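In the block that follows, a single chain appears as C-alpha cells, in the form predicted alone.
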C-alpha cells in the first residue's frame, strides 16, 4: 500500500479524484460553506450523522465531490483509539458494498493529532492486509486498498508521526508475512534467508550460524530442542548500526520455533496447526529491523533469533533428560513442550558479549499468559523498573499494550531439581511467571525484560492470522530512546513487502 500525506481541508479532499473518500468527524467539527460541509451539517441536524466514534453515513457520488463513494464517520474527540474505531467502521461500510477501492482519500475534518495520524495509518494498513503467499491467484481476496492520501489541516506537526507509522506498517507486514506462513514455507533455513535479505537495507548486517558454529559455542540447551527434527537449526545475528560503536546496543531476542509439536510431550491434535505461530517472536524482531532501515534512527540494535523445530523424532529430547546450557547451568527437561525457554536461555547468554544497555526477549512462551491476560495485553516481566516503565509507556503510545507481571523469588521454588541446577517447568500454577523466572537465571548481567506474546501474536477462529505484535511496541520503545533521532522524509512512502 502507498501512503501520502497532504495538507487538505474538505474542499481540497472533495476535489481529489478517488474511489472512496473517508471523512473523520470529531465533536469540535464546524461546517463551512462547501458542499460536503453542508451535507454533513444537514445529516447531523437530522440525526443521521453523529460524532460518536464509529457512527457512519455512506453516500454514493455525493454532490460536490470527485469520489465514487463517501463515508462520513464519527471520531469522537479525535483520540488515537477513537480514530481507530472510526476507520474500522468506515472500512466496514466500504467493504459491504464494494469489491475494492484502489484509491482512497482519508480526511480529518478538523485538527489531527500526531497520535491520531499514526493510528489512522496503522488501521488502514491492517484493514487492507491480505495474506497471499500460499494462495492460488484466483483465490486471493479481491478487496484491498491501493493508494491512500491522508489529508490533515497542517502537515508539519504530524509529519514525523506519519513517517514512523508508515515504517511501522512495513515492519508489521513483514512480521505478519513470516508468522502466517505454514511451517514448510518458514523453516529455520528460510527464516535465516529472510534475515539475510534485510542486510540489503541501510545500516543492517546479518550473520547466520549453523549447527557446527552453535556446537562450538556450547549452546547445549538450544541444540537439544533441535535434535528431534530433520531441519537444521539456525542462530541469526542481526545488527543495526545507526550510531557510533561506543554506544551500547539494545538487544532484541525473538523465539524462533518454526513449528512446535511439543516434542515427546506432544500437544493435542486440535489447533496444533497454530503452532506455526511459535516463531512470532522471531518474526517481530525481523519486522523491527525492517522498520529501522526505513527510519534510520541514531541507535544501535542487535537482533538474536535462535530458530529450529520442536519435533518428536527418534533423536528427540526426552522428559527427564539433562542438558547443559551455554552458561554452564544444567537443566532437567521435565516437559519437552516447554522448549521456548530452552532456546532463549542460550540466546540470553550469547547477548552478554554485546555489553547491552538492555535486553528484551519476545516469545509466544506460555498458554498460562493467555489465561492471565487474554488477547488484549502482552505479559511483561522485567528486572528493571526503569526498563519496564519504558516498555509499558511504549505500549500505551503505540496501542500495542502490555502489562507488568511479578517476578517474586518465591515463584522460582517450583523450578528446583534433584538432578540438575534447574528444571524447565515449575507446575501449572503461575506458569507464565515461572517461565520468566527460568529465563531470569540467564539474564543477570544486564537490564532485562521478557514479553510473553502468546495471547497477542495471532488470532484464532474466522479471523485467524498473525497480528504483527509487538512490532509497534518495540519500535516505539527504541525510538523513545534519547539517542534516537529519526530523519523525517516528506516524500510519499510505500508500505509493501517482497514475498521473495
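From a predicted model like this one, the values you see are computed outputs, not experimental measurements. Positions refer to the first chain, counted from 1.
Only in words, not in the display: the form predicted in complex with a small molecule, which the text now covers.
In summary, among the residues 229, 180, 366, 163, the only one with a non-hydrogen atom within 4.5 Å of the small molecule in the model of the complex is 366. Between the small molecule and the residues 443, 454, 466, 433, the one pair within 4.5 Å by heavy atoms in the model of the complex involves 454. If you check the small molecule in the model of the complex, you find a heavy atom from every one of 267, 278 and 338 within 4.5 Å. The small molecule is not shown here, but in the model of the complex it comes within 4.5 Å of a heavy atom of residue 425. Although the partner is absent here, residue 260 sits close enough that one of its heavy atoms falls within 4.5 Å of the small molecule in the model of the complex. Partner contacts here mean any heavy atom within 4.5 Å of the small molecule in the model of the complex, and among 322-330, 82-90, 358-366, 413-421 they occur only in 358-366.
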